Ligand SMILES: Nc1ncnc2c1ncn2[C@@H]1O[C@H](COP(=O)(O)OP(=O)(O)OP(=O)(O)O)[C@@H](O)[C@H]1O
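Below you will find one chain, with nothing else, as structure tokens; this is the form predicted on its own, and questions on how it binds or moves follow later.
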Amino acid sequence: MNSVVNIIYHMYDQDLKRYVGDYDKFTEVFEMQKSQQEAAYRRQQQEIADLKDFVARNKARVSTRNMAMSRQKKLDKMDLIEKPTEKPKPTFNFLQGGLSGKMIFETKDLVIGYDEPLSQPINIMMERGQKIVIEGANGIGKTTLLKSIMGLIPGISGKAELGDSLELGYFEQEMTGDGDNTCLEEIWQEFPGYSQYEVRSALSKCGLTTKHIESKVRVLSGGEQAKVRLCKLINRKSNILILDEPTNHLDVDAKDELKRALKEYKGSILMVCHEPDFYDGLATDVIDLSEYTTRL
């Protein structure tokens, strides 16, 4: 990968830092800074140990009490260097539901939209085992199509029919609600039978740290919020996944792991995605919604 990296989210100190150059240069600089921080942390920890040892041995002696107090003041005023920690790598494994019917869905002259049509009549069908990707420019109705197929938004005309014995898992593109719950509370509401250990374990497997798990959802980054939504999805059985741009905001490790999990998933997948590299080798069929849109 040789594309220019201008801004990268630095997961070691939670700051946004700007790097100019190609990806190889970013990797070189990032690893050098990581090594420097690790070395500084080790030096400071050794200095702290030496100071504490001196204070402990000399604070009771009259002749050395002032020196001990001086070192204690230095300890008290010291700006601590945080230990660099690797961000946890996620593990996604979707729970498999029962066997669905052969037909997953079929649209018959479906025209999607709200106050006005977003599409010409759409006639598509999905059968069990297919992994279909819907692509196309922003604003032409990809999310609306998904919701119309699920029956969440009525079509302007025509219809969408769902098949039998569907256990549907839906990943929304963005977070809903005010995000005032902590991640822990968010998953507990979804799975009230889980113990606290099971909730924490489920979130940890999705690549979230203890700090993330105990934070309110609204203060998390877009990628971290996506991992919370994925946590809900992978812990409920399904035989059809409907995913609305699941790669948005995810880091490289999370994308790679999600692709692996989706390739291994035995159910059907209907996914909106704008990243050909992600769905290459995963999709059995690709539908370009631009062929149906009234917006172009």
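Residues carry their position along the shown sequence, with the first being 1. What you are looking at is a predicted structure, and each value in this text was computed from that prediction instead of being measured.
Below: the form predicted together with this ligand, not depicted.
Undergrad: Given that this ligand is not shown alongside this chain, does residue 142 nevertheless sit within 4.5 Å of it in the model of the complex, heavy atom to heavy atom?
TA: Close contact exists here: in the model of the complex, residue 142 approaches this ligand to within 4.5 Å, heavy atoms only.
Undergrad: Does residue 137 reach this ligand in the model of the complex if we count a contact as any heavy atom within 4.5 Å?
TA: Contact check for residue 137: yes, within 4.5 Å of this ligand in the model of the complex.
Undergrad: When the contact criterion is heavy atoms within 4.5 Å, does residue 251 count as touching this ligand in the model of the complex?
TA: Flag for residue 251 set to no.
Undergrad: Is there a heavy atom of residue 182 lying 4.5 Å or less from a heavy atom of this ligand in the model of the complex?
TA: Result no; residue 182 lies far from this ligand in the model of the complex.
Undergrad: Go through 114 to 122, 210 to 218, 70 to 78, 98 to 106 and give me the stretch that gets within 4.5 Å of this ligand in the model of the complex, heavy atoms only.
TA: Going by heavy atoms within 4.5 Å, the stretch is 114 to 122.
Undergrad: When this ligand is placed as it is in the model of the complex, are 128, 167 and 268 each within 4.5 Å of it, taking any non-hydrogen atom of the residue?
TA: No, the whole trio is out of contact, none within 4.5 Å by any heavy atom.
Undergrad: Sequence order please: the residues of 157 to 173 with a heavy atom within 4.5 Å of this ligand in the model of the complex.
TA: Going through 157 to 173 in order - heavy atoms within 4.5 Å of this ligand in the model of the complex - there is one hit, 173.
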